[in-house]
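A single chain, nothing else alongside it, follows as C-alpha coordinates in the form predicted on its own.
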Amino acid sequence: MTALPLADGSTGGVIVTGGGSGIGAAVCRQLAAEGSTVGVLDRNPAAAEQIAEEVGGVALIANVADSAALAAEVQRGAELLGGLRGLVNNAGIGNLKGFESYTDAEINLIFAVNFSGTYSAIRAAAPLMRASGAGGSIVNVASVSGVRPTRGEAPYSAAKAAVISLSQAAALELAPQIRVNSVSPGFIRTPLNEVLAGDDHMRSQIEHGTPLERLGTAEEVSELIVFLLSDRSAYLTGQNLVLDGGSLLNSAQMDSVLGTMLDLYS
(Lines give C-alpha, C1' and ligand atoms only; values in the text may rest on other atoms or scores of the structure.)
Protein backbone atom coordinates (compact mmCIF):
# COMPACT_ATOMS: atom_id res chain seq x y z
CA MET A 1 0.00 0.00 0.00
CA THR A 2 1.17 3.50 -0.79
CA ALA A 3 0.59 5.60 2.30
CA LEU A 4 -1.52 8.73 2.10
CA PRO A 5 0.61 11.57 3.52
CA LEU A 6 -0.83 13.71 6.28
CA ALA A 7 -0.35 17.44 6.77
CA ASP A 8 2.46 16.96 9.29
CA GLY A 9 4.35 14.62 6.98
CA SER A 10 3.33 11.42 8.78
CA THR A 11 1.23 8.75 7.14
CA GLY A 12 -1.44 8.20 9.77
CA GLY A 13 -2.97 4.85 10.55
CA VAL A 14 -5.97 2.65 9.96
CA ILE A 15 -8.51 1.55 12.58
CA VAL A 16 -10.13 -1.86 12.14
CA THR A 17 -13.23 -2.65 14.19
CA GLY A 18 -13.67 -6.28 15.15
CA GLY A 19 -9.94 -6.52 14.55
CA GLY A 20 -9.32 -9.19 17.16
CA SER A 21 -10.33 -12.20 15.07
CA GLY A 22 -11.47 -13.51 11.70
CA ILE A 23 -11.55 -11.11 8.77
CA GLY A 24 -10.63 -8.16 11.00
CA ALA A 25 -7.45 -9.83 12.22
CA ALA A 26 -6.52 -10.77 8.64
CA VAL A 27 -6.96 -7.13 7.60
CA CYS A 28 -4.73 -5.97 10.46
CA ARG A 29 -2.00 -8.41 9.42
CA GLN A 30 -2.24 -7.41 5.75
CA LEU A 31 -2.11 -3.71 6.58
CA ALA A 32 0.94 -4.19 8.78
CA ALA A 33 2.64 -6.25 6.05
CA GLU A 34 2.16 -3.34 3.65
CA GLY A 35 3.60 -0.81 6.07
CA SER A 36 0.54 0.69 7.74
CA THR A 37 0.17 1.37 11.44
CA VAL A 38 -2.98 -0.25 12.79
CA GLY A 39 -5.48 0.39 15.54
CA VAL A 40 -7.04 -2.94 16.51
CA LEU A 41 -10.47 -2.13 17.92
CA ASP A 42 -12.40 -4.94 19.58
CA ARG A 43 -14.76 -5.39 22.51
CA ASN A 44 -12.52 -8.25 23.72
CA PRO A 45 -9.42 -6.67 25.34
CA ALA A 46 -7.34 -9.86 25.18
CA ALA A 47 -8.04 -10.35 21.46
CA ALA A 48 -7.32 -6.70 20.63
CA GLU A 49 -4.07 -6.73 22.59
CA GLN A 50 -2.92 -10.01 21.06
CA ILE A 51 -3.38 -8.86 17.46
CA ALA A 52 -2.02 -5.39 18.23
CA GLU A 53 1.14 -6.92 19.67
CA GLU A 54 1.47 -9.23 16.68
CA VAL A 55 1.22 -6.41 14.10
CA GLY A 56 2.98 -3.71 16.10
CA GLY A 57 -0.19 -1.67 16.39
CA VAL A 58 -2.30 -0.26 19.21
CA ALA A 59 -5.18 -1.95 21.02
CA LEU A 60 -8.46 -0.05 21.23
CA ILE A 61 -11.28 -1.41 23.40
CA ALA A 62 -14.93 -0.63 22.72
CA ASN A 63 -18.26 -2.22 21.95
CA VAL A 64 -19.34 -0.64 18.66
CA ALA A 65 -22.95 -0.66 19.88
CA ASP A 66 -21.91 1.98 22.45
CA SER A 67 -21.57 5.08 20.27
CA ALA A 68 -19.97 7.27 22.94
CA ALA A 69 -17.32 4.70 23.87
CA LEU A 70 -16.67 3.98 20.20
CA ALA A 71 -16.18 7.65 19.34
CA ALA A 72 -13.78 8.07 22.26
CA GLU A 73 -11.65 5.11 21.14
CA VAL A 74 -11.59 6.27 17.52
CA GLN A 75 -10.36 9.67 18.76
CA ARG A 76 -7.75 8.02 20.99
CA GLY A 77 -6.69 5.74 18.15
CA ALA A 78 -6.15 8.67 15.80
CA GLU A 79 -3.97 10.35 18.41
CA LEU A 80 -1.90 7.22 19.05
CA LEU A 81 -1.50 6.51 15.32
CA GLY A 82 -0.43 10.05 14.44
CA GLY A 83 -3.57 10.71 12.45
CA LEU A 84 -6.24 8.68 10.70
CA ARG A 85 -6.33 7.85 7.01
CA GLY A 86 -8.36 4.65 6.98
CA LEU A 87 -11.24 2.93 8.75
CA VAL A 88 -12.53 -0.63 8.33
CA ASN A 89 -15.94 -1.30 9.85
CA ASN A 90 -15.75 -5.05 10.26
CA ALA A 91 -17.39 -5.69 13.65
CA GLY A 92 -20.62 -7.59 13.27
CA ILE A 93 -22.92 -10.22 14.75
CA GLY A 94 -25.59 -12.49 13.34
CA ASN A 95 -28.11 -15.12 14.36
CA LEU A 96 -30.03 -17.92 12.70
CA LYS A 97 -33.70 -18.24 13.64
CA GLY A 98 -37.10 -18.42 12.03
CA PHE A 99 -38.63 -15.08 11.03
CA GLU A 100 -41.21 -15.04 13.83
CA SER A 101 -38.79 -16.30 16.48
CA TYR A 102 -36.63 -13.17 16.76
CA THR A 103 -37.26 -11.05 19.83
CA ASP A 104 -37.16 -7.26 19.81
CA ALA A 105 -33.96 -7.37 21.85
CA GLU A 106 -32.25 -9.65 19.31
CA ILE A 107 -33.32 -7.50 16.36
CA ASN A 108 -32.20 -4.31 18.10
CA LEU A 109 -28.80 -5.78 18.98
CA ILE A 110 -28.16 -6.98 15.42
CA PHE A 111 -28.92 -3.49 14.09
CA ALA A 112 -27.00 -1.79 16.91
CA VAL A 113 -23.79 -3.65 16.07
CA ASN A 114 -24.00 -4.06 12.29
CA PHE A 115 -25.64 -0.80 11.24
CA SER A 116 -25.49 1.73 14.07
CA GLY A 117 -21.93 0.72 14.96
CA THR A 118 -20.85 1.33 11.38
CA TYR A 119 -22.63 4.69 11.24
CA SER A 120 -21.14 5.79 14.57
CA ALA A 121 -17.60 4.85 13.56
CA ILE A 122 -17.86 6.76 10.27
CA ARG A 123 -19.29 9.78 12.06
CA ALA A 124 -16.41 9.75 14.53
CA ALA A 125 -13.69 9.11 11.94
CA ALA A 126 -14.68 11.51 9.16
CA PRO A 127 -13.65 14.79 10.87
CA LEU A 128 -10.37 13.21 11.98
CA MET A 129 -9.60 12.24 8.38
CA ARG A 130 -10.44 15.72 7.13
CA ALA A 131 -8.29 17.29 9.85
CA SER A 132 -5.25 15.55 8.38
CA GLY A 133 -5.61 17.52 5.18
CA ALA A 134 -5.31 14.34 3.15
CA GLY A 135 -8.69 12.70 3.62
CA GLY A 136 -8.80 8.93 3.58
CA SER A 137 -10.72 5.77 2.77
CA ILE A 138 -13.45 3.88 4.62
CA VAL A 139 -14.41 0.26 3.94
CA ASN A 140 -17.54 -1.24 5.45
CA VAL A 141 -17.93 -5.01 5.64
CA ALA A 142 -21.45 -5.95 4.53
CA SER A 143 -22.49 -9.41 3.31
CA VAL A 144 -23.99 -11.29 0.37
CA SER A 145 -26.96 -11.67 2.73
CA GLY A 146 -27.45 -7.93 2.34
CA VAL A 147 -27.58 -8.34 -1.44
CA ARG A 148 -29.76 -11.45 -1.49
CA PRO A 149 -31.55 -12.25 1.79
CA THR A 150 -31.20 -15.74 3.20
CA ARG A 151 -33.55 -17.88 5.26
CA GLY A 152 -33.17 -17.51 9.02
CA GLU A 153 -31.25 -14.25 8.84
CA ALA A 154 -33.96 -11.63 8.32
CA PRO A 155 -32.59 -8.99 10.74
CA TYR A 156 -28.98 -9.64 9.71
CA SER A 157 -29.81 -9.46 6.01
CA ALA A 158 -31.72 -6.21 6.52
CA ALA A 159 -28.93 -4.70 8.62
CA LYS A 160 -26.27 -5.58 6.03
CA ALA A 161 -28.44 -4.17 3.23
CA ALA A 162 -28.59 -0.99 5.28
CA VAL A 163 -24.77 -0.99 5.55
CA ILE A 164 -24.52 -1.12 1.74
CA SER A 165 -26.93 1.79 1.37
CA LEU A 166 -25.18 3.72 4.15
CA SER A 167 -21.85 3.27 2.39
CA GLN A 168 -23.26 4.77 -0.80
CA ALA A 169 -24.86 7.68 1.07
CA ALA A 170 -21.61 8.36 2.94
CA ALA A 171 -19.65 8.22 -0.32
CA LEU A 172 -21.84 11.03 -1.65
CA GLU A 173 -21.65 13.20 1.45
CA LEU A 174 -17.99 12.72 2.39
CA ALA A 175 -16.52 13.16 -1.09
CA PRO A 176 -14.14 14.34 -2.38
CA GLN A 177 -11.86 14.08 0.67
CA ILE A 178 -13.03 10.65 1.82
CA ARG A 179 -13.86 7.58 -0.25
CA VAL A 180 -16.36 5.03 1.08
CA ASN A 181 -16.93 1.53 -0.27
CA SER A 182 -18.37 -1.73 1.04
CA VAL A 183 -17.46 -5.36 0.51
CA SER A 184 -19.93 -8.24 0.69
CA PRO A 185 -18.24 -11.54 1.49
CA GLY A 186 -19.98 -14.85 0.89
CA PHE A 187 -19.15 -17.97 2.87
CA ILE A 188 -15.73 -17.24 4.34
CA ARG A 189 -13.92 -19.71 6.58
CA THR A 190 -13.72 -17.78 9.85
CA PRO A 191 -14.37 -18.75 13.49
CA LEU A 192 -17.93 -17.40 13.04
CA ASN A 193 -18.60 -19.86 10.20
CA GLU A 194 -16.63 -22.79 11.56
CA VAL A 195 -19.83 -24.54 12.63
CA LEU A 196 -20.69 -24.74 8.91
CA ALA A 197 -17.19 -25.31 7.55
CA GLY A 198 -16.53 -28.05 10.09
CA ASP A 199 -19.61 -30.03 9.07
CA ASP A 200 -18.80 -32.14 6.01
CA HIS A 201 -22.41 -32.21 4.77
CA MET A 202 -22.97 -28.46 5.20
CA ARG A 203 -19.63 -27.61 3.64
CA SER A 204 -20.39 -29.85 0.67
CA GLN A 205 -23.72 -28.06 0.14
CA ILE A 206 -22.05 -24.66 0.23
CA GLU A 207 -19.32 -25.77 -2.16
CA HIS A 208 -21.89 -27.28 -4.54
CA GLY A 209 -23.72 -23.94 -4.70
CA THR A 210 -20.54 -21.97 -5.34
CA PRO A 211 -19.10 -21.90 -8.89
CA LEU A 212 -15.55 -21.87 -7.52
CA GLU A 213 -16.49 -24.89 -5.39
CA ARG A 214 -14.91 -23.79 -2.13
CA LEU A 215 -15.26 -21.41 0.80
CA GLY A 216 -13.31 -18.17 0.74
CA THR A 217 -10.58 -17.25 3.18
CA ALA A 218 -10.23 -14.27 5.48
CA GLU A 219 -6.97 -13.43 3.70
CA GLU A 220 -8.79 -13.14 0.35
CA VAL A 221 -11.24 -10.67 1.88
CA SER A 222 -8.41 -8.71 3.50
CA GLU A 223 -6.64 -8.35 0.14
CA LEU A 224 -9.73 -6.67 -1.30
CA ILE A 225 -10.22 -4.43 1.73
CA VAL A 226 -6.59 -3.29 1.72
CA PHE A 227 -6.86 -2.55 -2.00
CA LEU A 228 -9.88 -0.33 -1.30
CA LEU A 229 -7.97 1.47 1.46
CA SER A 230 -4.98 2.16 -0.77
CA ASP A 231 -4.43 4.70 -3.51
CA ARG A 232 -4.55 1.83 -5.99
CA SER A 233 -8.32 2.34 -5.86
CA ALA A 234 -8.18 6.15 -5.80
CA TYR A 235 -11.05 6.58 -8.31
CA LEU A 236 -13.35 4.05 -6.66
CA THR A 237 -16.07 5.15 -4.27
CA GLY A 238 -19.68 4.29 -3.47
CA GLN A 239 -19.33 0.71 -4.67
CA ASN A 240 -20.28 -2.63 -3.12
CA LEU A 241 -17.86 -5.37 -4.15
CA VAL A 242 -19.12 -8.93 -3.77
CA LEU A 243 -16.53 -11.59 -2.92
CA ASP A 244 -18.42 -14.88 -2.92
CA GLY A 245 -16.83 -17.28 -5.39
CA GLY A 246 -19.80 -16.63 -7.69
CA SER A 247 -22.45 -17.99 -5.31
CA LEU A 248 -24.88 -15.15 -6.07
CA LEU A 249 -25.00 -16.39 -9.64
CA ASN A 250 -26.81 -19.48 -8.38
CA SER A 251 -29.93 -20.00 -6.34
CA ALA A 252 -30.36 -23.36 -4.67
CA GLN A 253 -33.83 -23.77 -6.15
CA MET A 254 -32.93 -22.87 -9.73
CA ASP A 255 -29.77 -24.92 -9.56
CA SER A 256 -31.80 -27.95 -8.55
CA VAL A 257 -34.46 -27.33 -11.22
CA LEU A 258 -31.93 -26.83 -13.98
CA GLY A 259 -29.99 -29.88 -12.85
CA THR A 260 -33.15 -31.97 -13.10
CA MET A 261 -33.93 -30.57 -16.56
CA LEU A 262 -30.43 -31.41 -17.73
CA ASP A 263 -30.84 -34.98 -16.49
CA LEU A 264 -34.18 -35.31 -18.33
CA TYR A 265 -33.22 -33.73 -21.63
CA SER A 266 -29.54 -34.49 -22.10
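Computed from a predicted model, the values in this text were never measured in an experiment. For every residue, the number given is its place in the sequence shown, counted from 1.
Separately, the form predicted in complex with a small molecule exists; it is not shown, and the next lines address it.
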{"item": "Residue among 44, 205, 239, 50 with a heavy atom within 4.5 Å of the small molecule in the predicted bound form", "value": "44"}
{"item": "Listed residue that, although the small molecule is not shown, lies within 4.5 Å of it in the predicted bound form (heavy atoms), from 138, 84, 121, 142", "value": "142"}
{"item": "Interface stretch in the predicted bound form with the small molecule - options 168-176, 123-131, 100-108, 154-162, non-hydrogen atom within 4.5 Å", "value": "154-162"}
{"item": "Triplet 18, 23 and 113 all within 4.5 Å of the small molecule in the predicted bound form via a heavy atom", "value": "yes"}
{"item": "4.5 Å heavy atom contact, residue 90 and the small molecule in the predicted bound form", "value": "yes"}
{"item": "The small molecule contact in the predicted bound form: residue 62, any heavy atom under 4.5 Å", "value": "yes"}
{"item": "Non-hydrogen atom contact residue 77 with the small molecule in the predicted bound form at 4.5 angstroms", "value": "no"}
